[in-house]
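Okay, so here's just one chain, in structure tokens, the form predicted alone.
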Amino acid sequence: MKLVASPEERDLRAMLHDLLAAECPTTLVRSLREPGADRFPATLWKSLTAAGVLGLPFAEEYGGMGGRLDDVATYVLEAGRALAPSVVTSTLAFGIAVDRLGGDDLRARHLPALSAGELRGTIALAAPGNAHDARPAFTAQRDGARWRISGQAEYVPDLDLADRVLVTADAEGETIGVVLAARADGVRSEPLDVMGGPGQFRLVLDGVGVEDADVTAPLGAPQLRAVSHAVAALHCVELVGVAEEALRRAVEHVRERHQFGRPLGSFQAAQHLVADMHIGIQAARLSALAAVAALGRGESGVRESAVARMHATKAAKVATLDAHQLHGGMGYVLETDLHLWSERARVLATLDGTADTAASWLAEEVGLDS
């Protein structure tokens, strides 16, 4: 892991920061949350596609940019700061899963379209609330030349916007990956109530037919965990971005707000809160990037992912809560926008696993749970 970004990495982050600042203002974030609104950010999607974001980690032969998981982390960090719609990260997760779990045929069929912005996707690989639990939620049975997939999975992100979804299924004791059309016969999508508006769904499959070309070779738990932990590590990076923006807004406020004839930031209590926020965020940033780097190198990354999860969930919680406290009463008024980052932090800190869940991964990894 590099502690200092290269000039290329700094340029990428600056470009993404400027793009998201221009194309993803809080007015867009709010509009996508309105009841009945079209949740797909077409203009932003077009800009990100033109910038190569959707092809960042994929080989050039598939229309990608030939980058690494670290490059995706650069985008995700800025996405957290800007509260970019999660459909972009969900689609990248789908692509990463196809790239790592599928064969050449699956890659050739899906990655070029994804890189070109013509395909949106999502995944259902791990249990909700535990990225380490890779047991399949679905079952697969042979039906002549086809497979029939049945079962249900909870908290599948952006299923309403996806063209394809990658799930795992138990096929007579072996786990296979299956790429499904999100609106095929027998596929049902049920929205779930979560903080921050729509975006999470229950996926129900009732004997959905798929061809062999849409099925991966048998997969082992380490393969599946490597992908689910990679996605969880990216979510940790996004939490860091969320926390950084909460800190920036808090600092801006205490500089401008005056009480008793002095800037609020001149009071020692406010300074201590800001310092603690900064320290926690830096620990979360380093641990999250370390996890991404390890998983990008093909390592299991369980230990790094667990440490990142524990730091990132805490840092985001502390940063958002203390930002509200530093804003005083106005921090709890919806018009200030601060609650948008608090809600994103709460969702991201829960879905892959809480800090306690991550601690159990670490205990298993070092042999303390036996």
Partner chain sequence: MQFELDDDQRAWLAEVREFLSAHVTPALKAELAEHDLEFKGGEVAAFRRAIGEKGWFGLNWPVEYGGLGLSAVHQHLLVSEFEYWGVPGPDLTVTSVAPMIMRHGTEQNKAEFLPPIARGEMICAVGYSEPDAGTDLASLRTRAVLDESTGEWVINGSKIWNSGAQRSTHEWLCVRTDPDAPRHKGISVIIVPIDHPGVQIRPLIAWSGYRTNEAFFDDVRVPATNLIGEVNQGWRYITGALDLERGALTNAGDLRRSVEDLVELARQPQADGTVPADDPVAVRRLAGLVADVEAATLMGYEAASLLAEGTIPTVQVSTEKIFTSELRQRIADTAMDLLGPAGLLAHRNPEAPLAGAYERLYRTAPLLRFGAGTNEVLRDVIAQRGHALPSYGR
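Positions refer to the first chain, counted from 1. On a predicted model such as this, the values are computed, not experimentally measured, just so you know.
The form predicted together with the partner chain exists for this protein as well; it is not shown, and the discussion that follows is about that form.
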4.5 Å heavy atom contact with the partner chain in the predicted complex for all of 9, 278 and 299: yes
Counting any non-hydrogen atom inside 4.5 Å, which residue from 106, 113, 194, 274 sits next to the partner chain in the predicted complex? 274
Assert contact residue (the partner chain, in the predicted complex, non-hydrogen atom within 4.5 Å, options 289, 93, 161, 176) equals 289
Could you tell me if residue 141 has a non-hydrogen atom within 4.5 Å of the partner chain in the predicted complex? no
Is residue 127 part of the interface with the partner chain in the predicted complex - any heavy atom within 4.5 Å? no
Given that the partner chain is not shown alongside this chain, does residue 266 nevertheless sit within 4.5 Å of it in the predicted complex, heavy atom to heavy atom? yes
Look up in the predicted complex whether residue 15 has a non-hydrogen atom within 4.5 angstroms of the partner chain, and give yes or no. no
Work out which of the listed stretches, 215-223, 84-92, 194-202, 251-259, brings a heavy atom within 4.5 angstroms of the partner chain in the predicted complex. 251-259
Residue by residue through 289-318, which ones have a non-hydrogen atom no more than 4.5 angstroms from the partner chain in the predicted complex? 289, 290, 293, 297, 299, 303, 307, 310, 311
